[in-house]
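Consider the single chain below, provided in structure tokens and representing the form predicted alone.
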């Protein structure tokens, strides 16, 4: 029997970064990671991984995802896993959550196992923790990547508080600026009381307001320019802010304003134009 499957999962953008409070929110972006997993029942437990478009990136996470699924089912199969991605890595767009989701889902597909969303998410998050790629477990990013749309989560309890959609049909602009990443967790934790205000906006459905406030707060704490988001808004973006711990910024706007917002952001770096994603992770082919 052929034990092989391919799955995709989405990037996500930040509405509320969970590092300060433990509660977060994110939304799916239509940039995908594709993972193909092939399993061999040879009792050798030898897992090989290839990160196709980033050969410099070590395949540790993708191998760990396959291993954690096989361990969960008590199987000592060998495997080959190949990933390719449209998501810029290490930029605050949840490339590792999306990668974990795609690889774990593809492994379930290859095994012919029943798709258990909760279990898949948790095995993916465990893999990210095992590889020390996450501070909070990134349940907000993982769920937005897996389900698509907006998720609002308690990252500590790994609970979805709310799933939603944006009320407008918006384009997503992603700026990858030429800025150095700087993750200072203790500085971000100082924001707790203020991020709480943004999170409360999020809970009542004021996502644009929440995203902007969150971005200003985290950008300030991490020494990223706050003016970038304001430039986007000045040029007709509906909202804009830092994604994750940066260095990417996201801006949401109507189709007719894309060129204007893009032009405002391009002076800071490369801009990718994408759209909202409501499909999330799925087995394909």
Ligand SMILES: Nc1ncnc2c1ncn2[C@@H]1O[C@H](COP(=O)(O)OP(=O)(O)O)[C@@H](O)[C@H]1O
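No experiment lies behind these values; they were computed from the predicted model shown. Positions refer to the first chain, counted from 1.
There is another form of the same protein, the form predicted together with the ligand; it is not shown, and what comes next is about it.
- No atom of the ligand, overlaid from where it sits in the predicted complex, falls within 2.4 angstroms of a backbone or C-beta atom of the displayed form, which makes the pocket open.
- Contact here is defined as any heavy atom lying within 4.5 Å of the ligand in the predicted complex, and by that definition not a single one of 8, 39 and 105 is a contact residue.
- None of 33, 69, 29, 237 but one reaches within 4.5 angstroms of the ligand in the predicted complex through a heavy atom, and that residue is 33.
- Though the ligand is absent from this view, in the predicted complex it lies within 4.5 Å of a heavy atom of just one residue from 88, 177, 205, 149, which is 88.
- Only one segment in the set 157-165, 105-113, 89-97, 193-201 has any non-hydrogen atom within 4.5 angstroms of the ligand in the predicted complex, and it is 89-97.
- Contact annotation for residue 133: at least one heavy atom lies within 4.5 Å of the ligand in the predicted complex.
- In the predicted complex, the ligand sits within 4.5 Å of a heavy atom belonging to residue 58.
- The ligand is not drawn, but in the predicted complex it has a heavy atom within 4.5 Å of residue 181.
- Using a 4.5 Å cutoff between non-hydrogen atoms, residue 62 counts as a contact of the ligand in the predicted complex.
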